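Below you'll find only one chain, the form predicted alone, shown as structure tokens.
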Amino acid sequence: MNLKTPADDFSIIHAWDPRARILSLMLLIASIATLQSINLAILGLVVSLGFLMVSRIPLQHAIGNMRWPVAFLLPFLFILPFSVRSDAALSISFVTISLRGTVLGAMIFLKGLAAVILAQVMLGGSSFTTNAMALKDLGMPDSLVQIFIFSYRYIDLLGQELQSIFRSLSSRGFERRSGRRTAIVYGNAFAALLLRSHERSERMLQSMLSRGYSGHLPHQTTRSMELKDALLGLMVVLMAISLKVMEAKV
């Protein structure tokens, strides 16, 4: 998922302290994900869309990031109406559509979509490294934070290396076909990628050690949380609590 946003789309979400933003929005996501009412699931989606508008993340950018999550959620919407049994059902010829399954599928889809949108708002307000360091300040183990940061960095590098290999193959006249030769070429390409990755990791480790890396991230001075950051976080927490209170009254 690409979480970078244009610099000129600065908003109150970007100015919000990442620690308060991550903690409060995670609580809101958990609140929406555990709702058991279709009406409140719709309300949760409306709330998430409101946060998306406030964050000023471009709509096209947000939709692009939601392609795979939506592809994962869509089967619930189309399978559950035919697989969940209930008394209230609509029969069309030999096909039976369960009302309970339809509601359940729609509820899962709406809650999942709301959670994905809020996750974009939560992580899109800062760089990946800033978010990772915020998680460290919130108590996440240093080793796990390093895994996140290094994985994010080197997955991108591996992608660049793979593109370089395929460009090299194309320049030599290679054409992808469904045959044994193509499979062999692809196998050799991925083997070369693994070898290059190992060599790069060795060079990077030596470079980090020469600069004083001792297995821990260097300490970074973080700004103190301001009153407005805490108030924004409190407002989001109250939203999460309000959804659960409304659910209890339904």
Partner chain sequence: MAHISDGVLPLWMLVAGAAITIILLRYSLHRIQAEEIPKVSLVTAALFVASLVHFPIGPTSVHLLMDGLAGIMLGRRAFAGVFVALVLQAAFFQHGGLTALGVNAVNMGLPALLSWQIFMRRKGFASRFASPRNEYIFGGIAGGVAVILTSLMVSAELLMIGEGFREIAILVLAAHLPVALAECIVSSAACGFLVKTNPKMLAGRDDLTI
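By rigid core we mean the largest C-alpha set that fits within 1.5 Å across both forms. Residue numbers count along the first chain shown, from 1. Just so we're clear, the structure is a prediction, and the values are computed from it rather than from any experiment.
Beyond what is shown, the protein has a form predicted together with the partner chain; the following relates to that form.
- When the partner chain is considered in the predicted complex, only one residue from Leu59, Val54, Leu205, Val46 comes within 4.5 Å through any heavy atom, namely Leu205.
- Here is the short version: of Ser151, Thr130, Ser170, Ser164, the single residue with a heavy atom within 4.5 Å of the partner chain in the predicted complex is Ser151.
- Taking the partner from the other structure, the partner chain in the predicted complex has a heavy atom within 4.5 Å of a heavy atom of Gly112.
- Proximity of Asn39 to the partner chain in the predicted complex falls outside the 4.5 Å heavy atom cutoff.
- Though the partner is left out of this view, Gln120 does reach within 4.5 Å of the partner chain in the predicted complex, counting heavy atoms only.
- None of the heavy atoms of Gly50 is located within 4.5 Å of the partner chain in the predicted complex.
- For the three residues Leu104, Arg176 and Thr182, a heavy atom within 4.5 Å of the partner chain turns up in the predicted complex in every case.
- Contacts between stretch 56-80 and the partner chain, counted in the predicted complex as any heavy atom lying within 4.5 Å, involve Asn65, Trp68, Pro69, Phe72, Leu73, Pro75, Phe76, Ile79, Leu80, listed in sequence order.
- With a cut-off of 2 Å and the rigid core superposed, Gly187 has a Cα displacement that reaches or exceeds the cut-off between the shown form and the other one.
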